[in-house]
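Coming up is one lone chain in structure tokens, specifically the form predicted on its own.
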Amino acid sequence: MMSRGTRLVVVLLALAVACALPFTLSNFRLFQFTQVYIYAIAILGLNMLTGYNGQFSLGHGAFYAIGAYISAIMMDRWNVHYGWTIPVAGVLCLVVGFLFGLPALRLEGLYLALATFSLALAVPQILKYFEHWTGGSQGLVLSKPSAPFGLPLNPDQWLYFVTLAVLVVLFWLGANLLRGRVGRAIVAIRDNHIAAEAMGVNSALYKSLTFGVSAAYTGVAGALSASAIAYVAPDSFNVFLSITLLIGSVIGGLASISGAIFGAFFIQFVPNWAQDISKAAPWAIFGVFLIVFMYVMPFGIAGAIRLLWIRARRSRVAQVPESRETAPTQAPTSS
């Protein structure tokens, strides 16, 4: 594993590169990277639930939609500043996720997956009935916010920095949560919930809280997406979105914080590459990419990088004794 200092250097270098992108890329490419960060937040939320806690979900696209519509309605109907809509979306999705997690405690495995799948099916249809608030099937058209304080940034650049800032804060909070006492309890429930309960872990409470926090992360991602795309519609949050988030979580690496970034890059750019390779059958090409990635990297991209790092360190450690054994010894000289 990387040392704390090495990880800090890698993170700082990645942030330096990320901060330089808005001044080197076109607005379209910048929008794509903004979507990568938004997907990364949602995937991290799903990873907390599935990778760390072991609860399988096929319905996180519903929380993504709820967060997006909360933000859009507050901006369009009530003229609330977009910055305030992001935490509100997170808190409301936390409550909805926690309440949904309570009855879902009786379900496990495929039964829980089917329950969350029904949520992903129902929410887009429900949104169409409240036309006064949601705009019905036509959705809501928004305006991209401009940079404040007279900053020399266009809306795409400003939203990129806002999304990057939210990503850094949420990843820092998630890392501290998962590496602390709460995170150990969450993982213990995944590994053996009977043993965890015997050690005093309140399995029901932690499962519901994990579901709520996971939904909150996904809701924040949805709220950021509403501002970045400047448009929300029920058909944009279909079941395929939930499946895409799950694909990103698995490809990036389950039970991995950095894997959310790699998974977000995969679901954002690989479908575009598949479209460029074959316009007649892009999803067939995408399926081939999935098979290749899962065959070559069964533990995800983050897991593959971790294994390569461990092997590189072992080879360096093995070379040090060999170099010492083969080093020529100099005979002492007599005066």
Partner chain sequence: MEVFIQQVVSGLATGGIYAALALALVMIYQATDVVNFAQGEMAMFATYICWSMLNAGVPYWGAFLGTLVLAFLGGIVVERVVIRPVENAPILSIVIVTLGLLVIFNSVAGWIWTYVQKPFPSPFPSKPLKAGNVFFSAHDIGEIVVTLLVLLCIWLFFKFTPLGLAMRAAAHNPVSSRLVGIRVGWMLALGWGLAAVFGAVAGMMIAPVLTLEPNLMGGVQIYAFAGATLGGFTSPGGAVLGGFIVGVVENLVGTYVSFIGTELKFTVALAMIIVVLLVKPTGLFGISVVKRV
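Note that the structure is a prediction, hence the values are computed from the model and not measured. So that the term is clear: the rigid core is the largest set of C-alpha atoms that superpose within 1.5 Å between two forms. Residue numbers count along the first chain shown, from 1.
There is also a form predicted in complex with its partner chain; it is not shown, and the following applies to it.
- Residue Phe56 is the only one of Phe56, Phe31, Phe269, Trp309 with a heavy atom lying within 4.5 Å of its partner chain in the predicted complex.
- Listed residues Val250, Ile73, Leu167, Ile229 were compared with its partner chain in the predicted complex; Val250 is the one with a heavy atom within 4.5 Å.
- Heavy atoms within 4.5 Å of its partner chain in the predicted complex belong, among the stretches 137-145, 80-88, 218-226, 96-104, to residues of 96-104.
- Its partner chain in the predicted complex comes within 4.5 Å of no heavy atom belonging to Ile257.
- With a 4.5 Å cutoff on heavy atoms, Ala304 does not count as touching its partner chain in the predicted complex; it lies far away.
- Contact between Tyr295 and its partner chain in the predicted complex is found at the 4.5 Å heavy atom cutoff.
- Taking non-hydrogen atoms only, Thr50 approaches its partner chain to within 4.5 angstroms in the predicted complex.
- Taking its partner chain as positioned in the predicted complex, the residues of 230-245 that bring a heavy atom within 4.5 Å of it are, in sequence order, Phe240, Ile243.
- A displacement of less than 2 angstroms separates the C-alpha positions of Leu307 between this form and the one not shown, with the rigid core held in common.
- If you fit the rigid core between this form and the one not shown, you'll see the Cα of Met294 move by 2 angstroms or more.
- Annotation: Leu25/Phe293 CA-CA distance longer in the predicted complex than in the displayed model, change of at least 3 Å.
- Relative to this form, in the predicted complex the C-alpha atoms of Ile243 and Pro282 approach one another by 3 angstroms or more.
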